[in-house]
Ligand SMILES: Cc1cc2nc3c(=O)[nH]c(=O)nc-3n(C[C@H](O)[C@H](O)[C@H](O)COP(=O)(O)OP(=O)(O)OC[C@H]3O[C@@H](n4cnc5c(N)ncnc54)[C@H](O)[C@@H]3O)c2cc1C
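The chain below stands alone and is given in structure tokens; this is the form predicted on its own.
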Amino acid sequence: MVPVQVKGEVLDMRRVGAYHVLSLTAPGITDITRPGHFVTLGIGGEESSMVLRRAFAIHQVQSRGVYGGTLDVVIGVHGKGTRWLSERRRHDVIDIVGPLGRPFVLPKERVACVLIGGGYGSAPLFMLAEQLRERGCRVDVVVGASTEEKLFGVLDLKRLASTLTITTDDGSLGEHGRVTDVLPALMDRVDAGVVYACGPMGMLQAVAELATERRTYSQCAVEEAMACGIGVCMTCVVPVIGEDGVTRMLRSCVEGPVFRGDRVRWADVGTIPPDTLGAPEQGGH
């Protein structure tokens, strides 16, 4: 799969809770998109001083129709670049590169799958849930956020899932607490075969550790800052244990964003562990 670069036209920008959902034409990208893929968007127009693109998980795609393919991304406004994006209007043009990264791996057998999303980390789970159901898998979903407003897509997920469990840190909707408070009982009840998660790194670590304790296969889509999206700048590296037991610094944008939960050294994210292949010598001059 070779990513493509296209000029996308804004079809719609709608507000959903704390977020904005941007719909763009993206011919050539949508046909090869899989759940877990992402795109990078050019920010600020061609004359802008904001040179770094922004990475967004692909939320939904329509691969046919009058525009030859459209995709949706979910935007949380955190700074100048995302604010600029949130202010786009119909017919504005945005430069898109995608699909990028390694997507989720779908199970070969019909197994019970539990999908966990934190905040707008639930965005890529919609396509995933649809494709798992098409394979005959049971799909149970857990979504959590700090407040009700920061949840994303609750009504649509309800339609896609056998069960939907909601948690909020402040108790404003669903269960009062975190996704990991309800996860063990759910995994046991449905005899989960695979756990898929997308959201903040702390949540992914907790979910991956729970899955590993239960000897359940987990896949986590990491949320690391991806400046280039194509594996050049090395800002998004995480320490991951390979099949051979050796830790390597892998790029979230190329070797990820989806990693096996039991292979990421979550406690060491943000550092280069001393036993990593090619790590700098400790105590050197």
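Position 1 is the first residue in the sequence shown; the rest follow in order. Everything quoted here is computed from the prediction, not taken from an experiment.
What comes next is about the form predicted in complex with the ligand, which does not appear here.
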(message) For the ligand, considered in the model of the complex: do all three of Phe38, Leu52 and Ala57 come within 4.5 Å of it, counting heavy atoms only?
(response) yes
(request) Please determine, with the chain shown alone, which of 130 to 138, 188 to 196, 170 to 178, 76 to 84 has non-hydrogen atoms within 4.5 Å of the ligand in the model of the complex. (result) 76 to 84
(request) Check whether Val246 has any heavy atom within 4.5 Å of a heavy atom of the ligand in the model of the complex, and answer yes or no. (result) no
(message) With the partner left out here, check for me: in the model of the complex, does some heavy atom of Met226 sit within 4.5 Å of the ligand?
(response) yes
(request) Check whether Val240 has any heavy atom within 4.5 Å of a heavy atom of the ligand in the model of the complex, and answer yes or no. (result) no
(message) Using a 4.5 Å heavy atom cutoff, which residues in 239 to 272 contact the ligand in the model of the complex? It's fine if the answer is none.
(response) Pro257
